[in-house]
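One chain comes next, on its own, written out as structure tokens in the form predicted alone.
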């Protein structure tokens, strides 16, 4: 038997924080990719520490639902899962290239394929683009548009910004959008000045966050100028300084993210290629049916 564990942060204060983990786990259950699928959290139940004990499977694929490599993916999750011998050096990562390592969970004698975070996987680039398609309602969006990929950023962890630059650069290389920029909340270039960074009349703003919460629902809309008070709401698009801003909300709520979770597990050896195709087809069909 094989199991999938989706490890997310969760929150005691924001119920929506765990919504993407549950939603993407449900999608993966529905396509039958694994014998068992579990969600676990740092700030909610079930916890990282207990999740392996809830599984009958002896082989487990653990995929962190985090944007970047760092404290949680390199210290907290391996420690709480009691992965014997884990060392970040095993990934030999430059900050965006962590793949997977196979270890033993010491107290339950399970083989654990511990994967890098979903936020740095190449497939996340497609999710950012699909997020732009969803918010504009245009499956061909790009010509005449700018795209801002927005991250939190922090001087305390250089890897926090690397994932944002990585996906922005990959999208720019495709030449689909007229302009692509990586912008941040807590470091330069700042999202507050989004219109200063684009010449395009239309700009899609996609936050590279897993869940909607304080930053994506309150801070960014006010910082960008969509509204003076997030509680009064705003239109999509909203014109700011003669630029139409199409604000998408957190990328992690896009249905296609389930594909990235499966891609991570596939890279670690799970036989889920057929299920990956099912998820891509399901999310494409849903988008067409809803007009997103």
Partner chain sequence: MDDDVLDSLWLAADHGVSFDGLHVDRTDETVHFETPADDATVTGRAAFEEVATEHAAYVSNWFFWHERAPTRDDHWAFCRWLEGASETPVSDRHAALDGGVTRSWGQLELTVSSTGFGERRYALRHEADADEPLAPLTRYDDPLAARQLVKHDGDGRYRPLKTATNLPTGWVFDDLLPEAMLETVEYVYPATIANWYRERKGDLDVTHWRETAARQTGIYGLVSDLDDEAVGWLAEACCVDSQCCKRREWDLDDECDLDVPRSEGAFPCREPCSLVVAAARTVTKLEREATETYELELTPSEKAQLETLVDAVAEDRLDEIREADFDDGANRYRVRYLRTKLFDDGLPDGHS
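For clarity, every value in this text was computed on a predicted model and none was experimentally measured. Positions refer to the first chain, counted from 1.
Below, we refer to the form predicted in complex with the partner chain, which is not included among the displayed structures.
So if I measure heavy atom distances to the partner chain in the model of the complex, which of the stretches 54 to 62, 231 to 239, 244 to 252, 258 to 266 falls within 4.5 Å?
Within 4.5 Å of the partner lies stretch 54 to 62.
Heavy atom of residue 15 within 4.5 Å of the partner chain in the model of the complex:
Heavy-atom contact with the partner chain at 4.5 Å: present for residue 15.
At 4.5 Å between heavy atoms, is residue 44 in contact with the partner chain in the model of the complex?
Residue 44: contacts the partner chain in the model of the complex.
Would you please decide whether residue 75 lies within 4.5 angstroms of the partner chain in the model of the complex, comparing each non-hydrogen atom pair?
Heavy-atom contact with the partner chain at 4.5 Å: present for residue 75.
Residue-level question: is residue 35 within 4.5 Å of the partner chain in the model of the complex, judged on heavy atoms?
Residue-level check for residue 35: no, no contact with the partner chain.
Report whether all of 22, 26 and 49 sit within 4.5 Å of the partner chain in the model of the complex, measuring from non-hydrogen atoms.
Yes, all three are in contact.
Among the candidates 165, 79, 90, 174, the residue which, in the model of the complex, approaches the partner chain to within 4.5 Å (heavy atoms)
Only one option qualifies, and that one is 79.
Sequence order please: the residues of 93 to 114 with a heavy atom within 4.5 Å of the partner chain in the model of the complex.
Residues within 4.5 Å: 107, 108.
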